[in-house]
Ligand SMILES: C[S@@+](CC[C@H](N)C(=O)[O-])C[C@H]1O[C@@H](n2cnc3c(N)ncnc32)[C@H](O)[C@@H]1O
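Below sits a lone chain in structure tokens, taken as the form predicted alone.
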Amino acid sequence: MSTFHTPVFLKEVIEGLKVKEGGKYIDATIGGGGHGVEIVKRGGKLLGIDADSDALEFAKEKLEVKLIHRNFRDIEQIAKTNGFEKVDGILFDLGVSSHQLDTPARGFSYRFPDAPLDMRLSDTTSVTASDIVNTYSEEELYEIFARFGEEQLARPLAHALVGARHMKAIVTTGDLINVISRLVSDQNHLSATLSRIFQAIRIVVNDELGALKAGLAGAAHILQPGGRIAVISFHSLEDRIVKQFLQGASWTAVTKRPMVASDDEVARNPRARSAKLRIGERL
């Protein structure tokens, strides 16, 4: 495996965290290890966490550091168990990796219609995307699409899914795409709708917003005064949670507004287009 994930805001994160020799840092989403490698190069002591076992296997090839297969929602307990009770910096790189999106069997992308409708970040998660679209009520599906996808067609899409699954279980990404494409015929609109619906379901499968809130709260307990936290988000729901968190009394915002990727970075890595970076310092 030669490539896994191209890190976003690499320079900005390392500088924003003020990485120093001998400092302790946690990469709560180690992924392909891109940010982690730079932290170690600068002499930082690193603890890596990831819910995805594939990410950890790849990171092991690049980093000789402690790597933990857990969800970052448990960051406080993980840190204390591994000698990182007080740290100088923490990174959360949210969303899904290039590897996850490009691996058909994971079911994250609508580019692979024959893929199983899975979307789990970790194989320890019990509920899959297929479970949700086949068993949740029409009202529950509507709430998911409207709240987590901010989808205008949430109501008719939920109704169409419930009707379709009575005829045939929805088990592949293609099955889900077929239902949605019957309501959205324009190809440009279809791609945007698919992105929003896939995002909404993925967020629920992995309880991503709940994990983010828990992870940030845990990070506040282990980050020492003057330490910094950097969070890279990829949609407004995540960014809103991070913004509100850094407005708390214990923080000063290093970035008054979220940083966005430069044109050059987007050209090199198109998935950086929607990325936002916020950095805060513990008072």
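Quick note: we count residues from 1 along the sequence shown, nothing fancier. Bear in mind the structure is a predicted one, so any value in this text is a computation, not a measurement.
One more form of this protein exists, namely the form predicted in complex with this ligand; it is left out here, but the text below deals with it.
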* Asked: Which of Gly227, Gly218, Gly34, Gly44 has a heavy atom within 4.5 Å of this ligand in the predicted complex?
  -> Gly34
* Though this ligand is not shown, can you say which of Val231, Ile39, Ile26, Ala55 has a heavy atom within 4.5 Å of it in the predicted complex? -> Ala55
* To do: Report yes if any heavy atom of Gly149 sits within 4.5 Å of a heavy atom of this ligand in the predicted complex; otherwise report no.
  => no
* Partner proximity in the predicted complex: Val65 to this ligand, non-hydrogen atom cutoff 4.5 Å -> no
* To do: Determine whether any heavy atom of Val242 comes within 4.5 Å of a heavy atom of this ligand in the predicted complex, and answer yes or no.
  => no
* To do: Tell me, yes or no, whether Arg271 is in contact with this ligand in the predicted complex, where a contact means a heavy atom of each within 4.5 Å.
  => yes
* Asked: Want to guess which of 186-194, 123-131, 89-97, 136-144 is within 4.5 Å of this ligand in the predicted complex, heavy atoms only?
  -> 89-97
* Between 66-85 and this ligand in the predicted complex, list the residues on our side with a heavy atom within 4.5 Å. => Arg70, Asn71, Phe72
